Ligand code: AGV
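Next up: a single chain in structure tokens, the form predicted alone.
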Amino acid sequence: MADLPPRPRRVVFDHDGAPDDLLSLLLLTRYGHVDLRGVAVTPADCLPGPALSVTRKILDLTGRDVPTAVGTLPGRNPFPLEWRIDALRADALPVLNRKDPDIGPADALPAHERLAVWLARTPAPVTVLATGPLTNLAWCLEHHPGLESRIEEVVFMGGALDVAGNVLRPDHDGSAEWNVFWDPDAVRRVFDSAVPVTMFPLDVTDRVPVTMDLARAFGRAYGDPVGDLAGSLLALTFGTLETTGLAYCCWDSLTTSYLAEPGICAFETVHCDVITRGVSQGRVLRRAGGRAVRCAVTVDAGRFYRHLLDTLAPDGRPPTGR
């Protein structure tokens, strides 16, 4: 049975400035059925100033007039500084600096307060797409609980259910994924709410690594600014395995693709809990009687790669391998 066309959605995007987050923003600007109501930057896996700047340049490049805001709330467990500088590199990419961007001044309100305003003012419930930590959303739910009714769905990249996590620290057991580990209490607050949650854990997102074939496919469509930017963002990820021991995967862009092609992944309802303290803090685990979460469990990797190319570089050829 063929997939139905994607349904229209109002979306607020909360990201933390890494290359795959920025690739996700690029996807959102290409989805004609998505009404992008606001973009928040969480200062987690990024330097917030460059991350906000590159966000605004991407919106300008794609002709999207979307309000933006940068976050100020800290996480308990900071990302390594050497990971956070990718937004600085992305902000300097030539394709984003061919002219001065046509953008106004930054929003004076911090992202957590601006997110509350966006949710309160939307004419109908919105999807909150979070490819970084849930800190801003958790603040909104804690301080403005009435906003729950304004949220249709939370789509979250985070967690590691039946696979190892990617937090490699001597004071941790390695069971957590970084978006949860940065602020475990935020995930607990969202789990304590009634908002529907669809989660993309490492169990599926690790199955779509950034490959040389994928990056080179964008090269074969070189000359279009959107495709050139997508390929450049992918190129920024090379060397991650060699320097961190962790492969760079399309964690966030796979999560974002759900808004356009939900059939790329298969889902099941998982009852979850999150550990907020101790050597396992940030671990999301299955627990009978826990929070019901719609969780991606399998992925058609080939279909996902084709989706990236079809959306961002339609003249490119599909990658030939994993």
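The numbering used is simple: start at 1 and walk along the sequence shown. Remember, predicted model here, so these are calculated numbers, not experimental data.
The same protein also exists as the form predicted together with the ligand; that form is not shown, yet it is the one meant from here on.
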With the ligand left out of view, choose which of 79, 191, 118, 139 has a non-hydrogen atom within 4.5 angstroms of it in the predicted bound form.
79
Would you please decide whether residue 72 lies within 4.5 angstroms of the ligand in the predicted bound form, comparing each non-hydrogen atom pair?
no
My question is simply whether residue 240 lines the interface with the ligand in the predicted bound form - judged by any non-hydrogen atom within 4.5 Å.
yes
Taking heavy atoms only, is residue 135 within 4.5 angstroms of the ligand in the predicted bound form?
no
Can any non-hydrogen atom of residue 222 be found within 4.5 angstroms of the ligand in the predicted bound form?
no
For the chain seen here without its partner, which of 87 to 95, 141 to 149, 182 to 190, 246 to 254 has a heavy atom within 4.5 Å of the ligand in the predicted bound form?
246 to 254
In the predicted bound form, which residues of 155 to 174 put a heavy atom within 4.5 Å of the ligand?
157, 166
